[in-house]
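Shown here is one chain on its own, the form predicted alone, set out as structure tokens.
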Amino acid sequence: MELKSTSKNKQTRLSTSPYKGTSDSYPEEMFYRNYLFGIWKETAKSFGYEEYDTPLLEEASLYKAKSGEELANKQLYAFTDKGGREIAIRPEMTPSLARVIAAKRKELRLPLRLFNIGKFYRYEKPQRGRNREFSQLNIDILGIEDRTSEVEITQFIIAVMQRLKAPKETYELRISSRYLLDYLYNDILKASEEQKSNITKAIDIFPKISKNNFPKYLKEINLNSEQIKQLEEFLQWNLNDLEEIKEKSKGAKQLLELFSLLDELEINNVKFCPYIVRGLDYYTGTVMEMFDIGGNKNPRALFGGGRYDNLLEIFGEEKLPAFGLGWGDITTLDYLKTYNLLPPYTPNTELFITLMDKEYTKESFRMASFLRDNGINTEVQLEEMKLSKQLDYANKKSIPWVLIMGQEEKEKNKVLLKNMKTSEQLLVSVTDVPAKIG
């Protein structure tokens, strides 16, 4: 006897939401992202930087070697592939860049000026200015040990901000050195190896914690009263304090050289801040972060970077001086929205060809091909429809021009060109349309 199931199979309804911490980019969002990406790319090329790319998937060991415990153990999207290899989705670019440089070290002509705009993924708590998926500009100069590489990247930053029309009073580039931390740990605090990583974390959170709670936090990580006092004094240092130790500290000497060059070049919006440390383990010298100083709507750094002179050593190569930064899209777009710096959204389509009768279909396609050949982005109505609905469609898409052809226009071998902003209408030949729109 055959038993029949009386239960009905229920189709699972899939969610329309993207994975947590990621986002869909509709045309308007793409317009603003491409606006930012275009400025990054144009500015990088104007400085002589060349574009490159690397795979989105890498061996997980690449990030576990030098990226730091938090990124490697907590934020890395990692999995084992069908071949038994531990693979990670790219969380940052610098280790991948170091790998491709190491692979062709003897063939490359130094200095190398390289940039990339790509997507990256980190498993962290989504919040304003931070998602699990983000796009980022990476711009790096390799082969220069002098402070001139930091100066050039700083000039690049200022050039981008100028092209974005950013008011000078709304942003500040804060700079320090990881070598200065060595002086703090060894010469001032006499810190043990166990204390150093906790102190670095404490310095990193210093701007985010209240003045009253900071000493309590330092006590919790087992700093004594004298060390707490010394660390709080260090975090208030300025360039004059660096002058007093420039013969003892490599970091102080390099920072003074850098700020001297920036001052001579009249580069403003830069400041020495001893609490800039950066969280990744591969940084060796100068480190920097950009901050919004015009208000409190964007509390985190807009971007950061630094020197990583020793990173090639994980591939068995000699060290190569290198300096670069990673500039994220999310924080930057938040900043641009805050100060109303984004341009008005404009669609790609410049002209829309209507279709009121199927007999004009072939003619519409021919006109569209002619207009596209003459540099006009043209969209064609593909189904016969009332003119009022087609004009409403063009208006809602903010298409500035509409081309109309009916029996009367066809008999005159003309078309009606309508300006959707002014409602002005011109009876012209198709060959005259590019000049009228231009």
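The numbering used is simple: start at 1 and walk along the sequence shown. Being a predicted model, the structure only gives us computed values, none of them experimental.
Note that the form predicted together with histidyl-adenosine monophosphate isn't included here; everything after this is about it.
When contacts are judged by a 4.5 Å heavy atom cut-off, Arg113 does not count as touching histidyl-adenosine monophosphate in the predicted complex. Arg130 belongs to the set of residues with a heavy atom inside 4.5 Å of histidyl-adenosine monophosphate in the predicted complex. histidyl-adenosine monophosphate in the predicted complex comes within 4.5 Å of no heavy atom belonging to Ser249. The closest heavy atom approach of Tyr308 to histidyl-adenosine monophosphate in the predicted complex falls within 4.5 Å.
Exactly one listed residue, out of Glu152, Glu92, Glu172, Asp281, brings a non-hydrogen atom to within 4.5 Å of histidyl-adenosine monophosphate in the predicted complex: Glu92. Contact annotation: of the candidates Ile203, Leu164, Leu355, Leu302, the single residue with a non-hydrogen atom within 4.5 angstroms of histidyl-adenosine monophosphate in the predicted complex is Leu302.
Only one listed stretch (186 to 194, 234 to 242, 116 to 124, 77 to 85) carries heavy atoms within 4.5 Å of histidyl-adenosine monophosphate in the predicted complex, and that stretch is 116 to 124.
If you take 134 to 160 and check each residue for a heavy atom within 4.5 Å of histidyl-adenosine monophosphate in the predicted complex, you get Phe134, Gln136, Asn138, Asp140, in sequence order.
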